[in-house]
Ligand SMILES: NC(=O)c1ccc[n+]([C@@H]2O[C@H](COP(=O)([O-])OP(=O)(O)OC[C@H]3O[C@@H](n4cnc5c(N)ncnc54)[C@H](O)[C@@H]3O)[C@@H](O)[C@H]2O)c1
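There is one chain below, alone, in structure tokens, taken in the form predicted on its own.
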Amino acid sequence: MKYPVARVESRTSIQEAIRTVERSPFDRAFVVDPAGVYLGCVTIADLRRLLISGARGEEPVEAYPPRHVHKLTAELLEGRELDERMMSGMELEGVRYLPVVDAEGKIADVVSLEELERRYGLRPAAVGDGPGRRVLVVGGAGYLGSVLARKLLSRGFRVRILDSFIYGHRSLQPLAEDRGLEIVEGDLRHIPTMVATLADVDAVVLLAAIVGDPASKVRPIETFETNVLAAQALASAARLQQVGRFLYASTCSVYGVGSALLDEEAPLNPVSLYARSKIETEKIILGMGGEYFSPTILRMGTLYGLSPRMRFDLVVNTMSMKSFVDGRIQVFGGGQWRPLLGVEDAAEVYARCLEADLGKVGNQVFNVGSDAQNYRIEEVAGIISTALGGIPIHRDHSNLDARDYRVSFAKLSETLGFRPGQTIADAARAIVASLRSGDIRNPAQRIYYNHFFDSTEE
């Protein structure tokens, strides 16, 4: 079938039904009796509301009759008797997929509401034919978040963003008219706001944090509040509501210093408050994991490249900007290893984790990057210099950064088949082109640097 909506037998427990839907491409399931006769449709949000309202997880789905019982027959489809009022009613009720039943009442096919509206020449549905899962992206206006939001919308997800917008709203303004996007302005540390944003979501992506060593050093209290306490509260709330798919943005900085190629089982050796806060939260969230809450920890390499919310406090972006502004690249030390990854590629990894079988990515830790993009800092400078036509490199051999590590990304590649598409050279040229054209007018503005601000965001 074109739309493989999950099916659950009416005697299936609520907990197991949630698990079944979470492991399917769609946010709902068709309920059938033991003989396979269609009884109605339940969304994952319906099932979670039952638990919040006091239902026991082991109770069967049939104890609570489904709210949506719409169905079609082949004759009805061929007769073209559906009218716009009927389909508008289904849209308002959240019905996006309809079973086509045979003479015995068993499901023979599945059609989407948008497909029907196209067929009958009526107005388009509010959302497309994608799975329609609603993803909460906390920190969705940030450097990675604003790229990820666009990618998810393009792939048929509905996106709810929770963000404090301390860097302004410009990164999301072009998306203002997208019907698949919902924006909530608020702080992750505000518990009522945070809990409210979990309503009816199918997955959570936690990007918001005090990000980076300099920012954490300047704001240690906020780092603990946001990176540990607020993250723990969000994970706890998601777990209680059985939002089983939870992606947490950690960092490869947790490895600190290491001479070998470090995989996910390597000892952690943090050299900053930022890395220590991430390790603590990893432990907390993984400790909550189980059959019905299956978090995924994504240890990110150092990102680079253009973003709607641009940053110039990341090594590739900094060197590229300085090449344009100062006419040279400054390198401190240079022998330190760093794993690098383009921000578009990072967003692709998150999207694939949301689309993957939860059994493959749940309760797992992944290094996020590419073996081919483990570089020494001096190599990064050389690549950028060459890409920009031979920009001079000034070397200061004092090493101001204790981090020095190479990371293995074999697990990510094997599980998700991920291969990076971005390169440092292309990113450097694109950044300089944006500066030269005036798209980025003043790279010295505080908005481009995380450590200048006193609040939270990815």
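All residue numbers refer to positions in the sequence shown, first residue = 1. Nothing here was measured: the structure is a model prediction, and the numbers come from that model.
Separately, the form predicted in complex with the ligand exists; it is not shown, and the next lines address it.
To test your reading of this chain, name the stretch in 181-189, 104-112, 255-263, 194-202 whose heavy atoms come within 4.5 Å of the ligand in the predicted complex. That would be 181-189.
Decide whether residue 367 counts as a contact residue for the ligand in the predicted complex under a heavy atom distance cut-off of 4.5 Å. Looking in the predicted complex, residue contacts with the ligand do not include residue 367, since no heavy atom lies within 4.5 Å.
In the predicted complex, does residue 166 come within 4.5 Å of the ligand, counting heavy atoms only? Yes.
State yes or no: in the predicted complex, is some non-hydrogen atom of residue 208 no more than 4.5 angstroms from a non-hydrogen atom of the ligand? Residue-level check for residue 208: yes, a contact with the ligand.
Any chance residue 319 has a heavy atom within 4.5 Å of the ligand in the predicted complex? No, residue 319 stays farther than 4.5 Å from the ligand in the predicted complex.
Kindly indicate whether 141, 278 and 450 are, all three, within 4.5 angstroms of the ligand in the predicted complex, using heavy atoms. Every residue of the spot touches the ligand in the predicted complex.
Find the only residue in 99, 244, 342, 301 having a heavy atom within 4.5 Å of the ligand in the predicted complex. Result of the distance check: 301.
Of 150, 158, 239, 309, the one that lies within 4.5 Å of the ligand in the predicted complex (heavy atoms): Checking each option against the ligand in the predicted complex, the one that comes within 4.5 Å is 309.
Residues in 243-259 close to the ligand in the predicted complex, defined by a heavy atom within 4.5 Å, in order: If the 4.5 Å heavy-atom criterion is applied to the ligand in the predicted complex, 243-259 yields 249, 250, 251.
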